[in-house]
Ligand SMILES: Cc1cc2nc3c(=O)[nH]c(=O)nc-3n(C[C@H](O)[C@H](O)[C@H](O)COP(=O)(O)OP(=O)(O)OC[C@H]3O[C@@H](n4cnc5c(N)ncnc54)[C@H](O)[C@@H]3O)c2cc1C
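The form predicted alone is given below as one chain in structure tokens.
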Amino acid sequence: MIADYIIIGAGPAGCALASRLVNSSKSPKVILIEAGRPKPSILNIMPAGLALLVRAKGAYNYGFKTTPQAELNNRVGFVPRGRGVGGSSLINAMIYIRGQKEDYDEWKNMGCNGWGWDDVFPLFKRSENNAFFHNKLHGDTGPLKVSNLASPNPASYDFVKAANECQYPLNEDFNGASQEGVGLYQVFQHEGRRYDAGTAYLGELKNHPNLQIISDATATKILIENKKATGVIIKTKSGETTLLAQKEIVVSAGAINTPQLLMLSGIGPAKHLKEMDIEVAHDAKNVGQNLQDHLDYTANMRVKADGLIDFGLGGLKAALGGLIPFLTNGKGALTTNAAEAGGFIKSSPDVERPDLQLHFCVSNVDDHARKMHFLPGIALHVCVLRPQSRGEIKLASSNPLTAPIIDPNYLSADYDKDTLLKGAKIVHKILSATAFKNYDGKMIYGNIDASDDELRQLIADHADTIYHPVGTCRMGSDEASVIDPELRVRGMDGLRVADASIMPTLISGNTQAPSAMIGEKASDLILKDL
């Protein structure tokens, strides 16, 4: 099979790129390859289904694991990543966040020309279809449907009251003039149902003559001739197939799988590739380096409250009671994204802009919902928005079906340790506020008035990812960067990367919207060259 462009990976970036290319006036022929399934299941569509999807390796979740983390009592972390057309937008909490404008201006200052806030804001607006906000800061005609929560839990409002008591102001729009404050999140939902990136960008393109989507197909190697990418080998149930690209190949497989595929194809650190018995096509020393992620501390509390989601009789009652409202009009308990509320706050008054993010969950989310609680509970999460720790992705073997080695190197930077401790203290303070007094809460781990040393131990015992890995194919203008600002792989022809792996630094917030923006930007760059 031959196409003008082959896109590897149908996450938010890959879906955006494929859609924009074939819908353009030039409408090149595009093949989009996806390792997972072609369409979402009912558990994907039902927002509350994420409690089952995120917790285990399966058809919609790679369920990767990290190496033992030295600063986390040598615990092995869990790394959920989405499979299927839509990528991680099929299993995440659907939160719509762009990040702070300073994040993108920092990229520009680092040499990523064309990636400052003034450059990327129009792309965010172009992609957005906001059902609630209609102003110059938001779009309302784009493919990504964004809405307020259909049926917020009363506990989410109590969280906002508790945070207000602690002098954190209300913010009704985290993507507005300022990100700072607390409130309820907007979500990628439409009429109370998850609106994943595949549905958003590709839902009306299934019969487009210039787009072929090949699902349940794993890209195992990019073919390279004289430093030019010419094709892709894919593996399906029926065997191996070679696809050829007349113009370019774009890797959009995400911060874990993109560097893995590049290295399997001979693009990466020469020493490591030789150790794996892989022929070196291009010595790119920083492929797989610069891994960044949001490490998350969670305070779990058992409470006395109705309507919360748990794995016991109360949760079953809430789920059954929410089934008819969900199916008939997209309302009720099953429309919850679990992390309904949260905010962006400063770890101390002298910080210039928010450096912590809060996620408030209306269930006792514990160890990615892998530890099941049968009594009602709430969970308040906090992460350091711009961590300084850097990790890496390496190959475990030359077998493309073997998971890569993932080492986030969590808390290796003192700044991260100190800032997360401040965040944990704030979390315990908010949970102690009078707005939560009638919940009669009891901490599951540790004490609400834990000392600094006790909090450090709780972090070491329980902290883990909040699912935002980025940076493993760093973009920059320096020769050491993997990708140039046009998203081309340095030292190669006919090969680009477009996904969260290109981020030089982690943005301040959830990464679905920025990943889609990168796909939008990639389409503009490619169409400009056409």
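Residues carry their position along the shown sequence, with the first being 1. Everything numeric in this text was worked out from a predicted model, so none of it was measured.
We do not show the form predicted together with this ligand, though everything after this point is about it.
Student: Can you work out which of 46, 495, 483, 54 has a heavy atom no more than 4.5 Å from this ligand in the predicted bound form?
Tutor: Contact check passes for 54.
Student: What is the one choice in 219, 162, 379, 146 with a heavy atom within 4.5 Å of this ligand in the predicted bound form?
Tutor: None of the other options qualify; the answer is 219.
Student: Please tell me whether the candidate spot formed by 62, 468 and 512 is one where all three residues come within 4.5 Å of this ligand in the predicted bound form (heavy atoms).
Tutor: All three within 4.5 Å in the predicted bound form.
Student: Specify the contacting stretch among 26 to 34, 472 to 480, 486 to 494, 66 to 74, defined as having any heavy atom within 4.5 Å of this ligand in the predicted bound form.
Tutor: Contact-bearing stretch, as computed: 26 to 34.
Student: Using the partner position in the predicted bound form, report whether residue 433 sits within 4.5 Å of this ligand, counting heavy atoms only.
Tutor: No, residue 433 is distant from the partner.
Student: So, in the predicted bound form, is residue 288 in contact with this ligand at a 4.5 angstroms heavy atom limit?
Tutor: Heavy-atom contact with this ligand at 4.5 Å: absent for residue 288.
Student: Whether residue 386 contacts this ligand in the predicted bound form should be assessed with a 4.5 Å heavy atom distance threshold; does it?
Tutor: Contact check for residue 386: no, nothing within 4.5 Å of this ligand in the predicted bound form.
Student: Contact with this ligand in the predicted bound form for residue 249, defined as at least one heavy atom pair within 4.5 Å: yes or no?
Tutor: Output for residue 249 is no: heavy atoms all beyond 4.5 Å of this ligand.
Student: Could you list the residues in 491 to 510 that come within 4.5 Å of this ligand in the predicted bound form, counting only heavy atoms and keeping sequence order?
Tutor: Stretch hits, in order: 499, 500, 510.
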